[in-house]
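Given next, in structure tokens, is a single chain: the form predicted alone.
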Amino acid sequence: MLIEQLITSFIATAAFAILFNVPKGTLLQGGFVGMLGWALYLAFLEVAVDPVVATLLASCFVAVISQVFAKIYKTPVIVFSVSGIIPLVPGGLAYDAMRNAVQNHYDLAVPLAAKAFMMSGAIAIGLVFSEVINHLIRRFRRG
């Protein structure tokens, strides 16, 4: 089950990288970033971490790995981070929230929508947090 999810997250990330017209030479690395982010998210869920916190930590990890790959392969960070974050996007949760809202099951739709909103915010905060850490490290190295 875990191997299937990792392979699927790799393929999904690489496919979105193709949609975003990333350079062909970075598709495997981009898929690897998404797969690592999803693996970390699953690992946090296994130890009973809240999904929002797991999303925050996994997105921060994806951003850090994207910055490392950007330096190694001399490409912009966004090449790896945008496609690498795709497996963490709560699309299924948002779909369920909208489906319940359309069926007038607002008691089910509101908590799902709130959770999807919080997970989306966690992704954004994780990306920003990683960038802040990166700037602090660079400032510390300069002295």
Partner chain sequence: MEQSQSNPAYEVVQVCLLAGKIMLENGGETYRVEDTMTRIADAFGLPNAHSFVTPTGIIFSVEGPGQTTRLVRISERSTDLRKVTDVNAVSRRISSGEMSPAEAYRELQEIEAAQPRYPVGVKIAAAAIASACFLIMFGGSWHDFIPALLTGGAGLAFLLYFHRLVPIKFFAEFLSSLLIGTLAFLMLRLGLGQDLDKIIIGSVMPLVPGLLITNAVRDLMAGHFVSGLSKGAEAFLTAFAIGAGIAFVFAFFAGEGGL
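Remember, predicted model here, so these are calculated numbers, not experimental data. Positions refer to the first chain, counted from 1.
Another form exists, predicted together with its partner chain; not displayed. Remarks below refer to it.
Asker: Let me know the one among Ala113, Val64, Leu57, Leu27 whose heavy atoms come within 4.5 Å of its partner chain in the predicted complex, would you?
Answerer: Checking each option against its partner chain in the predicted complex, the one that comes within 4.5 Å is Leu27.
Asker: Quick check on Ala124: any heavy atom within 4.5 Å of its partner chain in the predicted complex?
Answerer: Although its partner chain is absent here, Ala124 would touch it in the predicted complex, with heavy atoms inside 4.5 Å.
Asker: Determine whether any heavy atom of Val128 comes within 4.5 Å of a heavy atom of its partner chain in the predicted complex, and answer yes or no.
Answerer: Within the cut-off, so yes.
Asker: Within a 4.5 Å heavy atom cut-off, is Trp38 in contact with its partner chain in the predicted complex?
Answerer: It does: once its partner chain is placed as it appears in the predicted complex, Trp38 has a heavy atom within 4.5 Å of it.
Asker: I'd like to check something about Gly31: if you look in the predicted complex, is any of its heavy atoms closer than or equal to 4.5 Å to a heavy atom of its partner chain?
Answerer: Although its partner chain is absent here, Gly31 would stay clear of it in the predicted complex, with no heavy atoms inside 4.5 Å.
Asker: If we check its partner chain in the predicted complex, which of the residues in 75-93 reach within 4.5 angstroms of it by a non-hydrogen atom?
Answerer: Sequence-ordered list: Thr75, Pro76, Val77, Ile78, Val79, Val82, Ile85, Ile86, Pro87, Val89, Gly91, Gly92.
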